[in-house]
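For reference, the chain that follows is the form predicted on its own, supplied as structure tokens.
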């Protein structure tokens, strides 16, 4: 949103703060500013051409000009309208030789002066025309004005500036100009909730022509294109009072009544942007007896637009429901300066003020125009906003510092609030739409005006309490830290999937939790697993990396027969590269929990049929370890999927100190013959159970594959805490293992 410094200064008497200092004050006290831009030709001033001489063999002329600021100058000019007596704009660009003549500066075209886009000739000004051809434009971040509909106009910002600087606010509106008597046109609203106020005036003897230069310059400076005197006047009022207006060619309207009503099924309208729009009852329109002549609060219709043939206009100023305008604007994909203001909930009292301002401006932009009849004004009776009681001791506690009562009163009055002796505050209409309604809002008004930098920062004087223990969060944090320390990168995926993604991983979309209003077409169901998201990460990252490792901690969402869905915390870690990462991920699981084992499992559709296992902790299944099926991804991608709810009870605890053994241990190897598909882990468990209490450690050494069997070698370490084992004791342990395994049907190489 752009604000003209000159425009604000016209409405704040005694404003002595320069534009760049004012921009900083506005940021501190009101809304975030994004900077100040100098607009117009630098150093430009008014000038009068005294004499013109042709330059031989050149289309240029030598002009002698009298400037307001720089005295008499000689300027070379090529404009076709450069002649003696013309009032124009001079720009001091320095001296330069053109066609053999030294030219000191230039005479500016309207485009060069920032007035409009015409560059065919130099500016021609009437003798009585006065305007400053330079300005400073303060740009305010739109997001910081969302809750302040009054600040979408210069008058609202001028009120803030007056309150900040102590200047006197001058109201540009003279409501006494509104004519009395019956209106020659009728206005109505079929839905008071969608259009609580609808006002209009009729002007006759209209001549459509270019606007005065000062008006064109002012609109161009804030980013609006000058069009003609009537349209420019409505845009000027919108930019000044934050009240959008629209002018209709009265001769092109059907009947003498304008009605704000919901559109009917099948109605269409061609807008000023020459686009045709199909309307629904969700769209509010302005209609005459024939049909829609505009989309309410958004854009006018082309069929009743102002043109060079217009001689009589209906000038409309209305108030519309903010949500309705926003929905229509979004549905029809039209974003206009008017819709942006109406979406913020404008002041219903502003419609007739805008018409009064139009009467004053019409005398300048179209001197021959005259009013026809009085004001047509339809409005819903609106109760006054409730008063807000402000307690000064409570205000001091909220702000963190006392503020004298008279200072509080002065601040609120300067901002337009009414304040009684006992500080019962009346909220003005322009702040009562969706802005100020409770005492806390008034605290903010006082706080920002005294300056938050005047409040000494102190910690809150309240006792701090230790928050309740949350073991799950602590466990997740430790898991994240462990994985990150081992080179894994954490990812965060959406909790939503498309039905296609779910079906790809073997989930029935009909059994999943569906989102009623998905944020995107490919996020229509809640994820029943972290695997689809991890798979998408693998596919995307393998385009750029030959190997990588990543993980995610999140929740699976499972449908329940009744009540809310069940959310199950899971950890999914993935390792991609040229070689298998199954053993590395098994080691990760062992680092996360004690007594972790894996055993082969039947593969699901996306898992490798020979490289899939269940993960067990304490004998219970807590997850899966697998490689992705080769048809799903090129390369080798191993994935560890753990249910943290089941895994957490088996978390590895800190190791306790165990003294070094005072007595040496003894060791021996045994090789057992087993079937090819016999699990090494099961063999190890059986042999460990047979070794008895003297067994310190059993380690897998290796295996040798035969045609129909395999030889698996283990190394046993035995010992006692209170003595050195004799050879007979070691032999007894060894013999017990051998005989026990033979009883179980195994052959051993001894």
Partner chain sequence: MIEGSLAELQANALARIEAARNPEELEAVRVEVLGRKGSLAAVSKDMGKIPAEERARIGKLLNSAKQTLETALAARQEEFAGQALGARLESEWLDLTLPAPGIRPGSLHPVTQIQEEIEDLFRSLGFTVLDGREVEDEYHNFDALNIPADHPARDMQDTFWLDGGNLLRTHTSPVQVRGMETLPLPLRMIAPGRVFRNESVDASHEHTFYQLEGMMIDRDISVANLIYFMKTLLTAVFRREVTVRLRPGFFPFVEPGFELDIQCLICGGPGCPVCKQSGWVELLPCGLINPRVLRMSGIDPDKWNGFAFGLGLTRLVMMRYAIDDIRHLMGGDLRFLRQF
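Under this definition, the rigid core comprises the largest set of C-alpha atoms superposing within 1.5 Å between the forms. The structure displayed is predicted, hence computed values, not measured ones. Positions refer to the first chain, counted from 1.
The discussion below concerns the form predicted in complex with the partner chain, not included here.
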Which of these stretches, 249-257, 217-225, 676-684, 552-560, has heavy atoms within 4.5 Å of the partner chain in the predicted bound form?
552-560
With the distance limit set at 4.5 angstroms and only heavy atoms considered, check whether 448, 477 and 547 all reach the partner chain in the predicted bound form.
yes
Exercise: residue 441 in contact with the partner chain in the predicted bound form, heavy atom 4.5 Å:
yes
Hey, in the predicted bound form, is residue 463 touching the partner chain, heavy atoms inside 4.5 Å?
yes
Given that the partner is absent here, does residue 564 sit within 4.5 Å of the partner chain in the predicted bound form, heavy atoms only?
yes
Does at least one non-hydrogen atom of residue 24 fall within 4.5 angstroms of the partner chain in the predicted bound form?
yes
Considering 612, 429, 437, 648, which brings a non-hydrogen atom within 4.5 Å of the partner chain in the predicted bound form?
437
Just to confirm, with a 4.5 Å cut-off on non-hydrogen atoms, which of 670, 513, 185, 415 contacts the partner chain in the predicted bound form?
513
Partner contacts in the predicted bound form for 399-414 (non-hydrogen atom within 4.5 angstroms of the partner chain)
399, 400
Core-superposed comparison between the shown form and the other one, residue 438 Cα displacement 2 Å or beyond:
no
Kindly check if the Cα atom of residue 205 is displaced 2 angstroms or more between the shown form and the other one relative to the superposed rigid core.
no
For residue 398, is the C-alpha shift between the shown form and the other one 2 Å or more after core superposition?
no
